[in-house]
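This document starts with one chain, in the form predicted alone, laid out as structure tokens.
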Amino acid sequence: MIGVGKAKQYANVLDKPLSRGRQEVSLSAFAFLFSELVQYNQTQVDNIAELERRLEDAGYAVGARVLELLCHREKGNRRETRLLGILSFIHSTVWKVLFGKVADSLEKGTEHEDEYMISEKELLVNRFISVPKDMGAFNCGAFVAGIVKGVLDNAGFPAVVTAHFVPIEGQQRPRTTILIKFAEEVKQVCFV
């Protein structure tokens, strides 16, 4: 029997349970690592589209792992099977774990019924990146688009996910919108 206030002793570090602990990473450490990721990939490519694709690929791997972790922790190893459920899960739970807050908005597209948008006024990955003039419309949000794509694909909702800047009147920095366009097989099941 364990007494009150005494810590249990473990013979092996592998016997020690995984604690939820403090799940925060310092903002400066994240900014440094992310800028290094961008700089490394920038030296490996010839154009902006390729750089964004590489960031998206890096984000995809993160998204797949985040889905596994959160399904295990939050949902008792159950995955969301409804379209609106997985979108809400990304908008709230995934965003809160990754960025410390819920995304600013989740909206259904007006032009196509299979499009959804997650908007963020100031996306964390774009906050500390200064884009040179020769790189024009480079958007580090491609990394976050990759995370969203990784979560959706691994949850069984394949989609094309892209990041776009949307200018806001009266503000210097544009809003970042993650556009989600679901694949044909999802349309046939969910939009009939």
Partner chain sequence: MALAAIYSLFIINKSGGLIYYKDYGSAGRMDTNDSLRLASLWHSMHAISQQLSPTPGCTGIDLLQAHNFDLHCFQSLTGTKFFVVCETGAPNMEMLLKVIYELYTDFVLKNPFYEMEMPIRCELFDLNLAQVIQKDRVALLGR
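Just so you know, these numbers come straight off a predicted model, no measurement behind them. Positions refer to the first chain, counted from 1.
In what follows, reference is made to the form predicted together with its partner chain, a form of this protein that is not presented.
Although the partner is absent here, residue 124 sits far enough away that none of its heavy atoms falls within 4.5 Å of its partner chain in the predicted complex. Although the partner is absent from this view, residue 144 stays clear of its partner chain in the predicted complex, with no non-hydrogen atom inside 4.5 angstroms. Although the partner is absent from this view, residue 42 contacts its partner chain in the predicted complex, with a non-hydrogen atom inside 4.5 angstroms. A residue is said to contact a partner when one of its heavy atoms sits within 4.5 Å of a partner heavy atom; residue 135 meets this definition for its partner chain in the predicted complex. Contact with its partner chain in the predicted complex, defined as a heavy atom within 4.5 Å, holds for exactly one of 160, 70, 31, 64, namely 31. Stretch 34 to 42 is the contacting one of 34 to 42, 161 to 169, 145 to 153, 56 to 64, since its residues have non-hydrogen atoms within 4.5 Å of its partner chain in the predicted complex.
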